[in-house]
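Listed next as structure tokens is one chain, alone, in the form predicted on its own.
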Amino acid sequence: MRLIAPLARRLLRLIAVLGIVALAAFGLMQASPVDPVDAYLGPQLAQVSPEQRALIAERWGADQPAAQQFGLWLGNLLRGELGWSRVYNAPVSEVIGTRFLASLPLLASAWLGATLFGFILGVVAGTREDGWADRWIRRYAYTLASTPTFWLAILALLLFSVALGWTPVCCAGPVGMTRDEVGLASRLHHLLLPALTLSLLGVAQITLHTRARMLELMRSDVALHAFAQGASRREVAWRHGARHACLPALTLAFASLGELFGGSILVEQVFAYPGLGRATVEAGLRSDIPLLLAIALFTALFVSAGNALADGLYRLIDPRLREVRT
């Protein structure tokens, strides 16, 4: 019974969040000046008669009032049907599954790199307050925090792919080859630069938060007692400070999953990486409402799962929180 009530509350909150996200996403799409039928037809619009255009709108239900369209979509969703993607001419569930599997290595490697690199930099900076390492790491973190993701991606592409030729210019594999024909080494080669660029997005926040927690520890009585016993700053930092700072770093890393997904949209667009982020842009430009709504719900579910995982790990690492909540 102790677990059922919290799980039920969390499930109800998740359903409420998904409902609000779906309603907000649908409202924004209705307010968009892009007409779904015109966006779907594109350059062929001039070759289609008004009667044919009206037939397409009727078939999609786009000529119905907004409330009726949302009710129809919600009814299909409750029956487990996400609809049909007009851009990819395939079931929405299939598009999301395929594209998310393509984005997963990029998101996972970027998340892991940002967490580890940011945590190490934060520990090093917090151990030596106002030292040369602290000053340089802070400048580096502030510079990263104020750098737009798409600008950083374009700069990396021009430098490493165009000028130096170290990494591929685009895509998740060589152009003209199917996914099954691309080997592991080639996939990693194509993944390297997008993953490095995306990982830099989350480094600054984790570094600065970890540094703040390290400074708190290094100024505490625990550190003073350890120094009095002859421990060096490095020993105090790694024996006491790292554990003290890992909780906020871990929580922040999971809480930033939404930001990471938002960054992946820009990075995948710059590198022409065929993942879920690029599918989001395609669906937005061509007003693919079923696909956009499904991606919005999937993203909300993805971020909520990350927050729930962070909360569970928090309680696992810190027994005091476990006792308070039980």
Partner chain sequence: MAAATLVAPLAFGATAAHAEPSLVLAIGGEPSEGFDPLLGWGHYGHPLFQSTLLSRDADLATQPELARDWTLSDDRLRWTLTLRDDATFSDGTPLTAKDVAFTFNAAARAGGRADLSVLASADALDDHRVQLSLTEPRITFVDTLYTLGIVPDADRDNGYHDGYGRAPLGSGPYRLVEWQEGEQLIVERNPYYHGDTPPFQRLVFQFTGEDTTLASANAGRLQLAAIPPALAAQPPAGMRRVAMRSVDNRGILFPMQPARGEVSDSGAPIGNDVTADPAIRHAVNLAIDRELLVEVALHGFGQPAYGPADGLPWSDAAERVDDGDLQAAAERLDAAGWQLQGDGLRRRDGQAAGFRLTYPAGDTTRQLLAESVAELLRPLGIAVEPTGRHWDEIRREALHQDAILFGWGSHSPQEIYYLYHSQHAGQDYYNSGLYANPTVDAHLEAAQSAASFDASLPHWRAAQWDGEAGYGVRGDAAWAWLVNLEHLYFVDDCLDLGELGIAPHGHGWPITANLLEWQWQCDG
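Note that the structure is a prediction, hence the values are computed from the model and not measured. Numbering follows the first chain given and starts at 1.
One more form of this protein should be noted, the form predicted together with its partner chain, which is absent from this view; the next part is about it.
The candidate site formed by Pro33, Leu41 and Gln44 is fully in contact with its partner chain in the predicted bound form, as each residue has a non-hydrogen atom within 4.5 angstroms of it.
Just one of Val87, Met218, Ile96, Val124 comes within 4.5 Å of its partner chain in the predicted bound form, counting any heavy atom, and that one is Val87. Checked against its partner chain in the predicted bound form, the residues Leu78, Leu184, Leu164, Ala228 give one hit for a heavy atom within 4.5 Å, which is Leu184. In plain terms, the part of the chain that comes close to its partner chain in the predicted bound form, with a heavy atom within 4.5 Å, is 271-279 out of 258-266, 293-301, 63-71, 271-279. Its partner chain is not shown here, and in the predicted bound form it never comes within 4.5 Å of any heavy atom of Leu144. Within this chain, Leu224 is remote from the site of its partner chain in the predicted bound form, having no heavy atom within 4.5 Å.
Contact check for Pro148: no non-hydrogen atom falls within 4.5 Å of its partner chain in the predicted bound form. The closest heavy atom approach of Pro174 to its partner chain in the predicted bound form falls within 4.5 Å. Interface residues of 36-71, taken as those with a heavy atom within 4.5 Å of its partner chain in the predicted bound form (partner not displayed): Asp38, Tyr40, Leu41, Pro43, Gln44, Leu45, Ala46, Gln47, Val48, Ser49, Pro50, Glu51, Gln52, Arg53, Leu55, Ile56, Arg59, in sequence order.
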